[in-house]
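Two forms of a single protein chain come next, each set out by itself as structure tokens; they are called structure 1 and structure 2.
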Structure 1
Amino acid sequence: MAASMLRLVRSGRRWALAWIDGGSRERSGTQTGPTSNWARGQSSVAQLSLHTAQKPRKGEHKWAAVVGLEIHVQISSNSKLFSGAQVCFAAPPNSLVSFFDASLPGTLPVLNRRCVEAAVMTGLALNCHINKKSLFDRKHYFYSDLPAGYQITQQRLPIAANGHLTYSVYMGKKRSQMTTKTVRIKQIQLEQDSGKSLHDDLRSQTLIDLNRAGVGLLEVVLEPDLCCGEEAAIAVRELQMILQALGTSQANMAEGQLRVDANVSVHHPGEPLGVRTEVKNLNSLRFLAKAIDYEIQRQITELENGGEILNETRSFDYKLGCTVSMRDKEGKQDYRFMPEPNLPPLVLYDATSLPADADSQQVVNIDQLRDMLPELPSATRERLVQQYGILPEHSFTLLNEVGLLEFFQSVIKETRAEPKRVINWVLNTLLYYLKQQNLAVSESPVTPAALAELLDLLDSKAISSSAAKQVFEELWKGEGKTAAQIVTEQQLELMQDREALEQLCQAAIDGHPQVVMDVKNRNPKAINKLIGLVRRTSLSRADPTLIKEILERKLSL
């Protein structure tokens, strides 16, 4: 295997360090082409540019950034990890707290089967080794919203380990080359969430809400294989889509169902890794990318000015766009890990180890869960390319934009238009209008049925492309009119009277002899000018293709 090395790659005016090797860490895709912008919020990471270090000046050393992530995912379950208390976002404070969640004496944990199955399916989807035996541990630390004074987690032997996540980024000056990369997954572990501390600055007090205490979490620990904010955001977005496809989690970052801690350090290639800082609780992909890139630049600037990097925990201030120190980690905290005495080892089975007399309701079968895995995003993208003949980058946009794939498929079912025409309108017209008004796909005033009707009119040549855009503008107003009604009211249908078209073309020829002379002198732009004149006279109701055919015949071209 070829040895790995770092190379500084230029992207526009920015510079990035990329891994180049002979293995699976990075491989170049074969598809190229323009891409559509991703949606607001979580999909906006596609618009970010790679920049982990500025272009080095003459005589300066290059910098390499190393980024590792710890991702906390709230499991979609009706009840908490070790108690029967309900899980519900935005419930009244302290209304969903069991005796165990409040850590009352004498209460014992009871493991939630649904959470175990979700962890196994996630591990399988992320190519992990599933441990048939895993252990629970107590992680001791004091915090006001942790009543027991410890968290039940899986430090020694987690439920899954040694996996990998594949994601794709666009490289090059024009960002037209798709590159597939892989980040290793160290482990996936089950653990409890803590409660929430609500700070009231006006009254100088902190209130505690224990509704979230004890909710089941998956902690997905990624190896430090990432090099910048954009890569981190894209990798997390890919993981988010996998979790949503599995049903493991809704992974709504705005509701705290997916939170990211980023460990960042910089060093000179070939030298030991630098001191790392941890940026905590990043709850949007855009902020994740910005926080990492800011922290990389901050560390480089600090070191180049002769300073040193402290091993500390930082938070990201989205208003200021910078990271802020929270607490130092120089004195390593002793969490006093110990085996959880109230939970036995978690034992899983597969087809070969399952006892013949085992009750299927009392055991978790890894092979059975593997058979239940749904189509994952990577397979969905491949299917879309093969089924509809669209470009690979279009399939990425369809999946990354929440609700866009369902919209596209609904239009396909209701229209006679070719998929390539549908994808063009969905990505270039619908998505453009959504972004202009900062709307989600679910908020679109143009329904799939309305767009399908419009495309049918265009496909049957009842209207021109320019007229179709006018109709779309009217549909966007949301006045309840159909595409056909708008075409009739505004008289946008194409002229079907060939004799009338012949007369319009002849009038254009007679009225513009110089243009006709240019056409006969083989000026390629002249014929288009005549076509424009005829269309203007017909109020854009004449078919450009038919006009060109008539003009060429009349001019004996």
Structure 2
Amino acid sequence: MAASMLRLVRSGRRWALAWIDGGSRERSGTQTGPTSNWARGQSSVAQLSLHTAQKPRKGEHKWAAVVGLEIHVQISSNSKLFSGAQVCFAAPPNSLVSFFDASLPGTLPVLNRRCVEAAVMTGLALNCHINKKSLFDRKHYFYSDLPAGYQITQQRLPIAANGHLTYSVYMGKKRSQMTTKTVRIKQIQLEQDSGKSLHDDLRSQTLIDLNRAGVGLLEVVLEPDLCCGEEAAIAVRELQMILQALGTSQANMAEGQLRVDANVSVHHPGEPLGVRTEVKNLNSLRFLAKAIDYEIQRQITELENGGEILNETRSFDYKLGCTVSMRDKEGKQDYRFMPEPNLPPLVLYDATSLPADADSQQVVNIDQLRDMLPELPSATRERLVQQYGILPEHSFTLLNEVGLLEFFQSVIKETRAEPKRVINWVLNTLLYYLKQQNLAVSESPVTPAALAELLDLLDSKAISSSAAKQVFEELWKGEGKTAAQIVTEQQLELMQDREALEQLCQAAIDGHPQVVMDVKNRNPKAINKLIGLVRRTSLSRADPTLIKEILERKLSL
């Protein structure tokens, strides 16, 4: 048991590598199957694909999709929202359950201060208005993993509202242009998580685990400002990074700390919005994008075939890659909302409203929390662009990959090489290798120090860049050799002996009169052929720029 748990956690992290996937390796054995290639290419910034399938036929309007998200974020907190029970992923079933969590009669909720602070910080980071007074409500429904028969949430007056989240996407035909987009945030509410039900169809029984029951959630409700699956995934990824920067949630989708429901509809622009469906429980960014895109396409096809869209709840079948109706037997639920009578209104203070005699342990001060906000991803990216002169898209990649920024900064610290060269190596070589083998940055066989040493050799022109690639490949084997050792062993250092190189060049010219002729006839490729010949005879140890220089002089070009 313990061993398998360990593996889950580790692979969860590993999966965080695929840029847009919070990771669902946990379920890969049972649910997803091999899914490693979703993150195509190297760029960590998603390539936004507008709906190609909705190309209008002649005389038809173009379809537009409208996507809104409800995101449930598990608050990173030692104890639950209304009880002292511990919060811990993958603990033995029903080992973290207080009397309140099991809803024993007579127990009462006591609000966890840490959860309130997390909600306020998240609200501030998402540019929300923080309500100085918010209320709790009961939402009723019968379900076996909801022991009280109701969930305590904030339906009427949530803790934060009217914010926005900014994210960046590639746009344009060449997809080379980055554009900043904004999705409005309707509200953020504090609420309880439910327990988990395990249905055993064979024995027709249901097993209940209440460890999760009562864990604090932030429900972040986005306005329907998104237009496709990938855009939704990018927005959620940005939210995920903000939450992680704040420390308000680990936001690991594989562990269910961030779960997304998507409301999807299609319509013709300029016309009223279409009937929407809700796609539930999307537990990885990859599935989120896939499910939304599938659902958009399904609705378009349905409508074009004269069908109609039902206002229903659907789930995503990861095996078939499609959404299926959940056929809720209950029909439309009436949640019979009611004020939670056991919790007084939640009152927050700021510098102006804070009573002079307030006990700092008893009050939450919005201004104090604002001052404590850490650097958020957007600011970090700006700083990186300014500080290192790297491209904005590179800054996205650095942040998207867990641990990559730290790796990059460690290399920078130890090398004389230019940041631009470092970023190229980190993104094009290191990240490529990591992805090839599906490894997390922390699992890289090449340490920042080793890469820094290699880049120093390159920077001092001790080796050519192609030799550097060879050295990197050797380093990747993780045999404990330093870059310098590899260079020496494999005689990869650049020929510093100009005389010898001149001789090699002369030999090439003499030995290949036809190619020389081509060069003289201005065939642009010919010179490269000569350079190649010289490099080969130099066993790749010659600097191609230098070879070119010598050749050009000798051939008096």
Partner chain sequence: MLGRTLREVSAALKQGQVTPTELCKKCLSIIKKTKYLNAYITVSEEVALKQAEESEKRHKQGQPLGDLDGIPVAVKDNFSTSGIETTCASNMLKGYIPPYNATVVQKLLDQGALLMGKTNLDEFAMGSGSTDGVFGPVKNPWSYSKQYRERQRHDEHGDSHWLITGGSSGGSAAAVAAYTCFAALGSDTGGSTRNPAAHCGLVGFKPSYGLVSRHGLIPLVNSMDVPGIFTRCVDDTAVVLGVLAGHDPKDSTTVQDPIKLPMILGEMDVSRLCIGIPKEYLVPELSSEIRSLWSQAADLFESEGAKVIEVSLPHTCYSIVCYHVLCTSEVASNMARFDGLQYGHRSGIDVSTEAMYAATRQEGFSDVVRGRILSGNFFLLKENYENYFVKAQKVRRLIVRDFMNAFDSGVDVLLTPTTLSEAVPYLEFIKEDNRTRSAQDDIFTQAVNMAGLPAVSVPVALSNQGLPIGLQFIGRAFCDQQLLTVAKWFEKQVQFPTIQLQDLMDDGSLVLENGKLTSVSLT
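Just so we're on the same page, rigid core means the largest C-alpha set that superposes within 1.5 Å between forms. Here the structure is a predicted model, which means the values were calculated and not measured. When a residue number appears, read it as a position in the sequence of structure 1, where counting begins at 1.
- Taken from the form predicted alone is structure 1; the remaining one is not.
- Comparing the forms between structures 1 and 2, the C-alpha position of D357 differs by less than 2 angstroms, with the core used for superposition.
- After superposing the rigid core, the C-alpha of E473 moves by less than 2 Å between structures 1 and 2.
- With the core held fixed, D518 shows a CA shift of 2 Å or greater between structures 1 and 2.
- The shift recorded for the CA atom of I527 between structures 1 and 2 is 4.0 Å, with superposition on the rigid core.
- With the core fitted, the CA of S204 sits 3.1 Å away from its counterpart between structures 1 and 2.
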